[in-house]
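Only one chain comes next, encoded as structure tokens, the form predicted alone.
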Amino acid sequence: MSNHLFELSQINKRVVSNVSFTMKEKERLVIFGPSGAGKSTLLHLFNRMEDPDAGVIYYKDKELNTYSIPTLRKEVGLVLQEPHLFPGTVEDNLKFGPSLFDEWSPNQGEKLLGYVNLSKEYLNKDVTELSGGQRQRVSLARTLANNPEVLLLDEPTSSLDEQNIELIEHDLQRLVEEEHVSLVLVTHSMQQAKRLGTTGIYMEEGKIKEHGQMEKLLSDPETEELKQFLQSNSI
């Protein structure tokens, strides 16, 4: 058994063209590049929000499409840019996923909120009472309720202020260190990429232009495309 978490081979989907790479377990992969590069499309392929038109994706050495979608999305959770919470209380949202698998326990809500630095008093709050930062943290906790091995993050802090960005990033760092969760992060923020990523993929026009250690990509880019992108994004 290899330690490859994901393997993508010759993937095509809309703007994504002939993409191939591997991702290891416990990796923190950041996908970055200009708007329209195919970053979110690539991210959505990991838990079958979209399926490729051509090519094969493997998850833990098995073809991704051999997993049932509920099982896959339990293991590979997605947090979107805008949190889409269900009507009801915070606890209603947190227990939704585990209840599908008959895995919810009454004390679980407090533990989940602890991961995102919210007190147990929030459990009975209606989601309409939450601020934008609180909604995003509840969205993250709801995804964590399924005990995922991988977190897919699509611009999770782009609409938040600096204080909430710092809180979310702290939550993510803690999850990586304590729960050994793997991350796949799409971001426009190169500072965030530097803080959270161990490896990076730079995309332009649906293609991977560079893939390697995040620190090296940012400090010593090999392609002219990445050099220009970093210059224009103040790195």
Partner chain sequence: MERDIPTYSLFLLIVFVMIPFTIAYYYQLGLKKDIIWSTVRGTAQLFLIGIILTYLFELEPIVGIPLMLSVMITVATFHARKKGKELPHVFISILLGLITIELIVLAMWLGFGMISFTPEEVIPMSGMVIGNSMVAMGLVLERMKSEFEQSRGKILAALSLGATPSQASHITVRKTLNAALIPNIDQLKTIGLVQLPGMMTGLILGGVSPIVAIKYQLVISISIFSTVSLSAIIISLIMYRYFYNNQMQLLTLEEIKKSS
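Since this is a predicted model, take the numbers as computed values, not measurements. Positions refer to the first chain, counted from 1.
One more form of this protein exists, namely the form predicted together with the partner chain; it is left out here, but the text below deals with it.
Remark: Met49 counts among the residues lining the partner chain in the predicted complex, judged by a heavy atom distance of 4.5 Å or less. Contact annotation for Leu80: at least one heavy atom lies within 4.5 Å of the partner chain in the predicted complex. For Arg142, a non-hydrogen atom is located within 4.5 Å of the partner chain in the predicted complex, even though that partner is not displayed. Although the partner is absent here, Pro87 sits close enough that one of its heavy atoms falls within 4.5 Å of the partner chain in the predicted complex. Using a 4.5 angstroms heavy atom cutoff to the partner chain in the predicted complex, none of Gly109, Gly114 and Tyr122 count as contacting.
Of the candidate stretches 205 to 213, 50 to 58, 22 to 30, 190 to 198, only 50 to 58 has residues with heavy atoms within 4.5 Å of the partner chain in the predicted complex. Contacts with the partner chain in the predicted complex, taken as any heavy atom within 4.5 Å, map within 99 to 122 to Leu100, Phe101.
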